[in-house]
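One chain follows as structure tokens, the form predicted alone.
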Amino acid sequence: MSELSPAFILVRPQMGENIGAAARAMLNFGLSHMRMVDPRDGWPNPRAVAMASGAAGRVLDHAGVFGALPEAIADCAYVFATTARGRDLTKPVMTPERAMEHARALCAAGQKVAVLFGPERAGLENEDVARANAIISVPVNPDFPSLNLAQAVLLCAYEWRRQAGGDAPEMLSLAGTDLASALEVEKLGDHYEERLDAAGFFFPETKAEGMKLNLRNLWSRMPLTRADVQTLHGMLRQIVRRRDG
């Protein structure tokens, strides 16, 4: 059985050249699982193919293209967001080295992992970061923190490859269950948001969107298993039944 490796997801990428350069950086370090969310200039993109330069074109040939981020991460158990922003959301913040250590441990346990990279102009939005489990932050010059998309991809791909030798530094014991997928966590968030909305929790209206964003962030921050998700769904259903009974 081949080793699982993380999916590198380019969220709303803008320039085909940067997509191609990201594909090259991935293949340089043995990664080939690319996904894209709503590329600005559509797909396929001839400029991306030209920049990928030969062998890295196969990364683009097999890249998945999605209309929205929740679809792109639906089958993933753990999601990292690369960003210098998002510090107003409570998340673990890791260096690329630590993040790829954790990614290797998760992959060794058979879990699907994704790493999000934002668009060139402004990076990931808070709505994107809220759906991630942790943030990757590169310790760059604070006076000039902006990284090119392909540079960010290369840094994470390098750290993944660098740690290829030896055993994973940490194994995840799941006691007979699996980590919940992003889709399962998304549906759990939908369930609680619907019921809390009906109960008048999101008040006042001017703060409702921020409260919903914080709640969504809370779910993604927890390392929830499928059993946890089922339990939380069941608890809420029972509360509603007792209230309405």
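For clarity, every value in this text was computed on a predicted model and none was experimentally measured. Residue indices: 1-based, along the sequence shown.
Keep in mind that the form predicted in complex with a further copy of the same chain is missing from the display, and what follows is about it.
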With a 4.5 Å heavy atom cut-off, would you call M15 a contact of a further copy of the same chain in the model of the complex? no
Contact test in the model of the complex: P119 vs a further copy of the same chain, heavy atoms, 4.5 Å: no
V49 within 4.5 Å of a further copy of the same chain in the model of the complex, heavy atoms: no
Flag R58 as yes or no: does it have a non-hydrogen atom within 4.5 angstroms of any non-hydrogen atom of a further copy of the same chain in the model of the complex? yes
Full three-residue contact with a further copy of the same chain in the model of the complex, heavy atom 4.5 Å, for D143, Q151 and L154: yes
Which of 108-116, 121-129, 88-96, 67-75 sits within 4.5 Å of a further copy of the same chain in the model of the complex, heavy atom basis: 88-96
